[in-house]
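Read the single chain below, which is given as structure tokens and is the form predicted alone.
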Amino acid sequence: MKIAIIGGTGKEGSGLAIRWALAGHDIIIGSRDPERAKARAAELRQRTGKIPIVGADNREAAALAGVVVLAVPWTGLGETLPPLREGCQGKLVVSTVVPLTFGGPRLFTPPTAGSAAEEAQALLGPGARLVAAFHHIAAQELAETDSAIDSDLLHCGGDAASKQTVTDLAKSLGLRAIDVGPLSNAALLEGITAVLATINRRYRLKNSGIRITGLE
């Protein structure tokens, strides 16, 4: 698959790019600054030895890809997504965005739309096929490519075909994908990340994960 990672210069986006490139996918690193995106793509090509990793500005990245992954800070959605609306129509858009506020009374601070994924859906319009996924796979875990990722992948969304594509993307990373329902459940998934962040801080970890028991 050809995957654009909007915010691909950050730790989470770069980690997903590395893992997916090693799994055989074509990667487009997106950034507001195309030169920064190209520089990060060059770093990742050198690290992975994989040629199909390129950089572009966010709008071009979304237009060129078949799958668009959002790995940007929640506070930047309102500025970042409207210019991508046209390029995302008819495509799977995967939101990894988590609305966290560090230093405040509440770490998890969902928007009025209910979740970051639902906010992204509103900004991109109904033609974008939103699936919420990959929030709780730690950047540290993604970066350590010598070891398997010790976690299940929970995802939710309204389009069955899009969720199947996310399942395929998860499997290419060695993850078991578990469908947890419609996009209205996205806030529950995003909140798990806040819980895992608290566990990491309390127990001095970097890569706590989650597994669902009782399934084959």
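Please read all numbers here as calculations on a predicted model, not as lab measurements. Numbers follow the displayed sequence, beginning with 1.
Another form exists, predicted together with a small molecule; not displayed. Remarks below refer to it.
(request) Work out which of 36, 176, 50, 59 lies within 4.5 Å of the small molecule in the predicted bound form, going by heavy atoms. (result) Comparing distances to the small molecule in the predicted bound form, the residue within 4.5 Å is 36.
(request) Work out which of 124, 117, 137, 93 lies within 4.5 Å of the small molecule in the predicted bound form, going by heavy atoms. (result) Selected option: 137.
(message) If we define contact as a non-hydrogen atom of the residue within 4.5 angstroms of the partner, is residue 9 a contact of the small molecule in the predicted bound form?
(response) Although the small molecule is absent here, residue 9 would touch it in the predicted bound form, with heavy atoms inside 4.5 Å.
(message) residue 31 versus the small molecule, in the predicted bound form: is there a non-hydrogen atom within 4.5 Å?
(response) Yes, residue 31 is a contact residue.
(request) Classify residue 73 as contacting or not contacting the small molecule in the predicted bound form by the rule of any non-hydrogen atom within 4.5 angstroms, answering yes or no. (result) Judged by the heavy-atom cut-off of 4.5 Å, residue 73 is in contact with the small molecule in the predicted bound form.
(request) State yes or no: in the predicted bound form, is some non-hydrogen atom of residue 131 no more than 4.5 angstroms from a non-hydrogen atom of the small molecule? (result) Judged by the heavy-atom cut-off of 4.5 Å, residue 131 is well away from the small molecule in the predicted bound form.
(message) So if I measure heavy atom distances to the small molecule in the predicted bound form, which of the stretches 41-49, 144-152, 161-169, 65-73 falls within 4.5 Å?
(response) Of the stretches listed, the one contacting the partner is 65-73.
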